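Take a look at this one chain, the form predicted on its own, written out in structure tokens.
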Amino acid sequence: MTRTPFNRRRFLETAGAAAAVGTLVRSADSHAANAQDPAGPKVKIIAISGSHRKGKTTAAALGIALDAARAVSPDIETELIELADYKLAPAVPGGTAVDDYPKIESRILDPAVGGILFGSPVYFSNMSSLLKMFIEHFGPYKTSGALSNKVAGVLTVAGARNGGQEGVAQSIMAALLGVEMIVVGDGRPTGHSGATLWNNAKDDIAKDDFGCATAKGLGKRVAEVALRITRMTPRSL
């Protein structure tokens, strides 16, 4: 019997080529499988306008944020809810508020809702009474976890560039953290804790380049995080 001499270099080259072919085949199979996968689940982003003035600057600013959210992915759907359209009453702990909140509750607790934007004008260094009454209804969610792991972003509008927007935003964020929402800011490259806009007394925020940029960044960031959470975790988390 004739023994063929062992060639180590040729063996390694052959093994390497085979491994490379295997990798290419697996990669092609993976791409083919992904191409056949159906589109991801739709994720809804809802914006809540707490302004007493329907269709004014708070709603306009939230509209900018929602536009930016939709631009993130075709899987993003959006909705604007203006609290001025509803009758809300203070929700006393342990009591029952007879108002229109149930009409809104079913929409924000929908499992398809991955993120909620909260917007308020600044009134005497506080959020509006409408948004305050709305958030007061969240008490039962501390134990039920109904809003847990939904992404939240906060947007505020004032009549001056430094009109108390950030202080009001922090107050809103504190309430949202209390019901286990995931609060995000406007993201890179600026990294503000929320969106802050200036109403120039002419009900026109379009000229506030800085504020509009924060609204766009906030909407984008809420959508990005909501998409990631939805795709990585069960809806029931």
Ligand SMILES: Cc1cc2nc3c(=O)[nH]c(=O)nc-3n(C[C@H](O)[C@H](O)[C@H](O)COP(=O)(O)O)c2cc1C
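Keep in mind that what you see is a predicted model, and the values were worked out from it rather than measured. Start at 1 with the first residue shown and count on from there.
Separately, the form predicted in complex with the ligand exists; it is not shown, and the next lines address it.
A.B. asks: Would you kindly say which of Lys44, His192, Arg70, Lys56 lies with a heavy atom within 4.5 Å of the ligand in the predicted bound form?
C.D. replies: The residue in contact is Lys56.
A.B. asks: Answer with one of Pro74, Pro90, Gly159, Gly145: the residue that has a non-hydrogen atom within 4.5 Å of the ligand in the predicted bound form.
C.D. replies: So the residue touching the ligand in the predicted bound form, by this definition, is Gly159.
A.B. asks: Using a 4.5 Å heavy atom cut-off, indicate which stretch of 206-214, 48-56, 170-178, 183-191 touches the ligand in the predicted bound form.
C.D. replies: It is the stretch 48-56.
A.B. asks: Do Ser129 and the ligand share at least one heavy atom pair within 4.5 Å in the predicted bound form?
C.D. replies: Output for Ser129 is no: heavy atoms all beyond 4.5 Å of the ligand.
A.B. asks: In the predicted bound form, is there a heavy atom of the ligand that lies within 4.5 Å of any heavy atom of Val122, even though the partner is absent here?
C.D. replies: The answer is yes: Val122 has a heavy atom within 4.5 Å of the ligand.
A.B. asks: Considering only heavy atoms, tell me if Gly163 and the ligand come within 4.5 Å of each other in the predicted bound form.
C.D. replies: Because a heavy atom of Gly163 falls inside 4.5 Å of the ligand in the predicted bound form, the answer is yes.
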